[in-house]
Structure formats: C-alpha cells, structure tokens
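Before any questions on how it binds or moves, here is one chain, the form predicted on its own, in structure tokens.
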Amino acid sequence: MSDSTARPRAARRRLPRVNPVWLLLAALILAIVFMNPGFVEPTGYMNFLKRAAPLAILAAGQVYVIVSGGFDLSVGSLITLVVVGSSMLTNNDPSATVWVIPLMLALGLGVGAVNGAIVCFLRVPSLIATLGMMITLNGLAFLWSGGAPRGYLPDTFRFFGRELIKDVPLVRFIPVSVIVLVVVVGLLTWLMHRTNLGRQVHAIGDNPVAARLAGVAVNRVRITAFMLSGLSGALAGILLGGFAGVSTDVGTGYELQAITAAVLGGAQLLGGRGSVPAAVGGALALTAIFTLLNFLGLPQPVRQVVQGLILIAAVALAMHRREETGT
C-alpha cells in the first residue's frame, strides 16, 4: 500500500511546476479582455507591452539585487535623473542623442557601482545605502533643473520609447520599446540562469559565508548585481522619457513597483531565490492590475493601496512557502 501511495506522489513531483504569477497574469488578461474586447487586437496588447516595458526591465535588474540579499531603492530617482539630465544635455539638439544615451547608461552603471561599493566596503545595509542614494539623486535632479526642466527630448532620443515598426506580419506593428524589452530581458535571463554569475548571485543570497568559503568573490558579485540594477534603471529612464516626456517626478514610485513585481514573481526578499522571467511576469501582472483599475475608473490613491496590499500579500505568501519547505 505504501508503494501505491508513493507512486502518485512521485508522479506529482515530476509534473512541471508553474509559477503562480503566470496564472495570475492569465486571469488578469482574461478580465481585461472581458472589460475591453479590443485588447485582443494588436493595438491593445502591443500598447500594453509598451507601457509595461520600463517596469519589466527595471524588475529584471532589481531581481539580481534581491536574489543577492539586498534592495535597490535608488532606481526611481535614477530614472528621474536620466530623463531630466537627458533633456538638459541634449538642449533640443537631435544630434546630441548619439553621446547622451551612452552617457546615461554609464551613469546607471556608475550609480550601481557606488551603491554596491557602499554596501560591500562600508558595510552599510543596502536599504539605507540605496535610500541615501535615492535622496541624493532626487536632489541632483532638482538642482540641475531648478525644479523645472528646460527644453525637451528630441525625436532621436524619444525613438526608443514611442516609435513603432510598422507593416509587421500578423501583429501589424511592434513598438521599439518592446524590442528593447525582449533583448534586455533575454540577456539578463541568460546571465542569471545560464552563467556562473547567476549561480554565484543565488549562492550569496542563500548563504554569503558559505559562498565566500567556496571561493566566490562576494563583493565583486554584489557590486555587479547593483550595476545591472542601475543599468536597468537607466534603460527604463530612456524608455519613459520617450513616451512620458520630461518631468521631475517621472520615476516616482518605480523602485517599489519593481520590488513588488520581483516579489510577485516569487523572489525572496531574504535572498537566494528569484527568476528574471518570473520578475517580468510580475511586472506584466502589476501593469495588468493597474490597467483594470483604470478601466474601473478608480483614482490614483486606490492604485497605491492595491500595490501596497499586493506587496504585503506576496511577501507573506513567500515566507509561508519558505517555512513549509524549510529553504
């Protein structure tokens, strides 16, 4: 009898496990289609992916820091600085885009490197280090712009955020931002799940002492994780500047949305577990929730309440699963 009961259990263990975030996303998409049948048209779902692209890229970078056992609260302010700084540096000159975009990407890498160095060498908790960086970057954006950014982002800069590739078979058009999303997420997925870097990030988040004893360069890997998060913040800023325009609060709240998306995708806030595709699924689910709230005509404060409740529920569920599995 014990053999007969063990076989079904073994069979269940062999079944592929589906991350709940994909089931949630499917249910949300069905709800959106029910409320707005036009969503099944290319204009509907391509515009949805276009809106979700910055958050999805941000979550894909944030998950590296979370899996390594930290947080990055500075990415929202980094987005603002990238948008404001780009508008000031381009100064209405389309040809300036050629050097401004690489400079902004370097800025993202630099901010991430500074965050990582503060955490690793000054032993400041990542929550405090990146909170300080968030305040600093916000201050720099306001100082640089005087609180009112001058100029605008030229079309050459906004190309990545708002332009469309038209006459595409089956879907008719593809936003350039969606292509950027696919490329960036593909690279970050490969790094996390197919290279030694990803395995080392997981090992550090699971047990940094054991990882160090096993020969992992803990500080270097942690700094790399923060640099990837900073780079994703700069990319998100470039996309948001493309279709949202210039504002001193364009990045407000994105740091918490990215963390919420990663946790919704199953990343553990204590580190050691997380997936780039699942974090992107969390970002898509979060965008779908916001879309539904807009369809219902609910105000912005309600969206913030829902986001907070989602974060609390996702963390509580993750902790419950951790206690059940003992990992």
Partner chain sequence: MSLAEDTPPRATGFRFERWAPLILLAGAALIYVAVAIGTGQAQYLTLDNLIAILGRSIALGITAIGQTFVILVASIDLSVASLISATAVLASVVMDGAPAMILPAILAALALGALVGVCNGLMVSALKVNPLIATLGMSLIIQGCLSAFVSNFAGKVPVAFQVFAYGEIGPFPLALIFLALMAALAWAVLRFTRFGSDIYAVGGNEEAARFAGIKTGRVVILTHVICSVCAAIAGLYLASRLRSGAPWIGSDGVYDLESIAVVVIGGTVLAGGRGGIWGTMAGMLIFSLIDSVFNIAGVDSFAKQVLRGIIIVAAVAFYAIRSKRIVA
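Residue numbers count along the first chain shown, from 1. Treat the numbers as computed from the prediction; the structure is a model and nothing was measured.
What comes next is about the form predicted in complex with the partner chain, which is not displayed.
Open item on the list: Residues I165, L181 and V184 are flagged as a possible site; in the predicted bound form, is every one of them within 4.5 Å of the partner chain by some non-hydrogen atom?
Closed with: Looking in the predicted bound form, the three residues I165, L181 and V184 all stay beyond 4.5 Å of the partner chain (heavy atoms).
Task: Of V124, A96, I174, L109, the one that lies within 4.5 Å of the partner chain in the predicted bound form (heavy atoms) - done: Selected option: V124.
TODO: May I ask you to state whether N19 is within 4.5 Å of the partner chain in the predicted bound form, using heavy atom distances?
DONE: Contact check for N19: no, nothing within 4.5 Å of the partner chain in the predicted bound form.
Open item on the list: With the partner left out here, check for me: in the predicted bound form, does some heavy atom of P208 sit within 4.5 Å of the partner chain?
Closed with: Judged by the heavy-atom cut-off of 4.5 Å, P208 is in contact with the partner chain in the predicted bound form.
Open item on the list: in the predicted bound form, does A316 come within 4.5 Å of the partner chain, counting heavy atoms only?
Closed with: Heavy-atom contact with the partner chain at 4.5 Å: present for A316.
- [ ] Report yes if any heavy atom of G132 sits within 4.5 Å of a heavy atom of the partner chain in the predicted bound form; otherwise report no.
- [x] Looking in the predicted bound form, residue contacts with the partner chain include G132, since a heavy atom lies within 4.5 Å.
- [ ] Quick one: find which of 55 to 63, 22 to 30, 261 to 269, 275 to 283 has residues within 4.5 Å of the partner chain in the predicted bound form by heavy atom distance.
- [x] Looking at the partner contacts, the answer comes out as 261 to 269.
- [ ] Residue by residue through 275 to 312, tell me which have a non-hydrogen atom within 4.5 angstroms of the partner chain in the predicted bound form.
- [x] Counting only heavy atoms within 4.5 Å of the partner chain in the predicted bound form, the contacting residues of 275 to 312 are P301, Q304, V305, Q307, G308, L309, L311, I312.
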